[in-house]
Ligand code: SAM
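First, one chain by itself in structure tokens, the form predicted alone.
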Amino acid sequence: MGETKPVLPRRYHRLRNVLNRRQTDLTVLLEDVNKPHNFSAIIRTCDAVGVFSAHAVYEQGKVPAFSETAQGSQKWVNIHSHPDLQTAATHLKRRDFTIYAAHLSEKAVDYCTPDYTRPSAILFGAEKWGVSEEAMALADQAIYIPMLGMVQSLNVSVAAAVILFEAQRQRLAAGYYDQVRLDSETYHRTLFQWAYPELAAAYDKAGKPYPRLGDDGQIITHN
């Protein structure tokens, strides 16, 4: 694949420290959150609390462009786009996720009530309409953030931050960030992609496996 400048050891160890804390069983499902600013802010929060992958469904079939708000966080959070809500919900439930819809309704519970140490997907709806009836029918539980002012809801990206940081609080208390939660294959593949993104793309295009990495991120090759 040609000569490649090695990643700096300090950066490599920072990448590892972040990956060591990634949570594979905490995620968001975004339903037509179509404003780039909001979409980017939610993904930035996902990165901040250690979400490994996010999920999205869009009527137009296209994820919004990222704004400067993302601050590059999209490079660290995998984003899976699904063709429709049913497909997204099935994908998550097959992996034992409980889907919590951020939606004010008679059956909604305070957002602090659920046990987010269990596999949890937080569903957020479009800025103007919120979570749709179709999405609500696929959710397991509605949750709400208590409001003490005149307005009834927060901006969707702010609501996402509030709920995700509650999930982080619970998981920190349970020690979930003290152990690697990714399987070995996913861990090493992701680490190589983070450390050497352009080289990883070249290996993917060629259909070749990634080489191993040394203790400080150096690529180990065999003659």
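From a predicted model like this one, the values you see are computed outputs, not experimental measurements. Counting begins at 1, following the sequence as shown.
Form predicted in complex with S-adenosylmethionine: not shown, discussed below.
Undergrad: Scan Val77, Ala88, Ala121, Ala126 and let me know which has any heavy atom within 4.5 Å of S-adenosylmethionine in the predicted complex.
TA: Of the candidates Val77, Ala88, Ala121, Ala126, Ala126 is the one lying within 4.5 Å of S-adenosylmethionine in the predicted complex.
Undergrad: Please name which of the stretches 156-164, 46-54, 192-200, 172-180 has residues with heavy atoms lying within 4.5 Å of S-adenosylmethionine in the predicted complex.
TA: In short, 156-164.
Undergrad: According to a 4.5 angstroms non-hydrogen atom cut-off, is Ala137 in contact with S-adenosylmethionine in the predicted complex?
TA: No, Ala137 is distant from the partner.
Undergrad: Check whether Ile99 has any heavy atom within 4.5 Å of a heavy atom of S-adenosylmethionine in the predicted complex, and answer yes or no.
TA: No.
Undergrad: Using a 4.5 Å heavy atom cut-off, state whether Leu104 contacts S-adenosylmethionine in the predicted complex.
TA: Although S-adenosylmethionine is absent here, Leu104 would touch it in the predicted complex, with heavy atoms inside 4.5 Å.
Undergrad: Test of understanding: in the predicted complex, would Cys112 fall inside 4.5 Å of S-adenosylmethionine by heavy atoms?
TA: So Cys112 does not count as contacting S-adenosylmethionine.
Undergrad: At 4.5 Å, heavy atom to heavy atom, what parts of 128-144 sit next to S-adenosylmethionine in the predicted complex? List them in sequence order, or say none.
TA: Lys128, Trp129, Gly130, Val131, Ile143, Tyr144 sit within 4.5 Å of the partner.
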